[in-house]
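Below sits a lone chain in structure tokens, taken as the form predicted on its own.
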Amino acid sequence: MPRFILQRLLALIPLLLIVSLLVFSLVLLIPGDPAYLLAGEDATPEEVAAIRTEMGLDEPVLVRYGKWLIAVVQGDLGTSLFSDQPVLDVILERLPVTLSLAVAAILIALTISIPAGIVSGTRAGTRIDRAVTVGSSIGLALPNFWLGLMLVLVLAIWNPWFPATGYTPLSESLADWWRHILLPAFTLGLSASAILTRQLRGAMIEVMQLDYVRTARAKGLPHRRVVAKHALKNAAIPMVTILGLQVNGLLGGTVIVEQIFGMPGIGQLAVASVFTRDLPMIQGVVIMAVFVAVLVNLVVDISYGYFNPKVRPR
């Protein structure tokens, strides 16, 4: 298993280099001159040129990329053009909000999808199965922004059971944190739960027809033990892949959800940085998102070795 993990880590090195080049190149395509925006409309050409020199914008692209990459490897993501704060400090300040939202959404998605997928997959063709299928289709079809607005309207404005906007850190109050995080987490987690339910249902239907499950049933093992010990582990393999994709999708979905619920997370920071053309902040947010996505994919790869020993190196 350690050799398997080491191989996956080594495979990430060229991937991260390619991603870093793409991130740096994409920012160059953003319209507008950061030096001109930073200097202001009344700035003289000499002042704009001085700012360009100070920011290194007059250097060749490859030189700028090399300096930027070396700084990123050392943990220096630059300084915001407008707030004059270190980019890494700003991101780390807002990251707990986005991670809390994503983790809560995943927990809600798993809480809904695992029981629903197991029940539907082991009772294929019944009324329960049809009800779960219809429910997952509805959950998949509802847009996140519409669901979030409806939840705010019904559960925060018409019935003030939950706060409509804002965020309370977990370290201050667990109850207030949960009240602020529940609606946005449910908004993100519902569509993910629908996808996971459908995936687990299909995998359970297939696994329950395999010979080793039939043998376990023929031996007289209880239904719950057959499902939990023999069927669920194999059925979870394709679900893990989908879960990894959904985690990355949830991080992207926080951009919209954080705007709806007024949460000071990475998504809100990304939108504000794009509007102000804060290039170092945009680069830092994208690098952080890529790092989280790569980490999630690594965890998924390692989980394959647990669920399916055949993929482990010999």
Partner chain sequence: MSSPANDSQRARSAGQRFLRRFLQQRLALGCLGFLVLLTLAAVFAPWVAPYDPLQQDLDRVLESPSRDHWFGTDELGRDVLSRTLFAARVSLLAAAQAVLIAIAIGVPPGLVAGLWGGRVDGLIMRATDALMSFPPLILAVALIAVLGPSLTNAMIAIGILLSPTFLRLMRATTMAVAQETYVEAARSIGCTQGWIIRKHVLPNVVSPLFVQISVFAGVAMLAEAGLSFLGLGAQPPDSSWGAMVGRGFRYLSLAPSLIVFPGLAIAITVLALYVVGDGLRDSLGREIRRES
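Residue numbers count along the first chain shown, from 1. The structure presented is a predicted model; accordingly, all values stated were derived computationally and were not measured.
Same protein, other form: the form predicted together with the partner chain, not shown, and the subject of what follows.
- Using a 4.5 angstroms limit between non-hydrogen atoms, M263 is distant from the partner chain in the predicted complex.
- With a 4.5 Å cutoff on heavy atoms, L69 does not count as touching the partner chain in the predicted complex; it lies far away.
- With a 4.5 Å cutoff on heavy atoms, L15 counts as touching the partner chain in the predicted complex.
- At a distance threshold of 4.5 angstroms between non-hydrogen atoms, V296 is out of contact with the partner chain in the predicted complex.
- No member of the trio A35, V48 and T53 reaches the partner chain in the predicted complex with any non-hydrogen atom inside 4.5 Å.
- With the partner chain omitted here, the record of contacts in the predicted complex names 136-144 of 227-235, 100-108, 213-221, 136-144, defined by a heavy atom within 4.5 Å.
- The listed set L153, L92, V73, I128 contains one residue whose heavy atoms approach the partner chain in the predicted complex to within 4.5 Å, identified as L153.
- With contact defined as any non-hydrogen atom lying within 4.5 angstroms of the partner chain in the predicted complex, the contacting residues in 277-303 are R277, L279, I282, V285, V286, A289, V290, A293, V294, given in sequence order.
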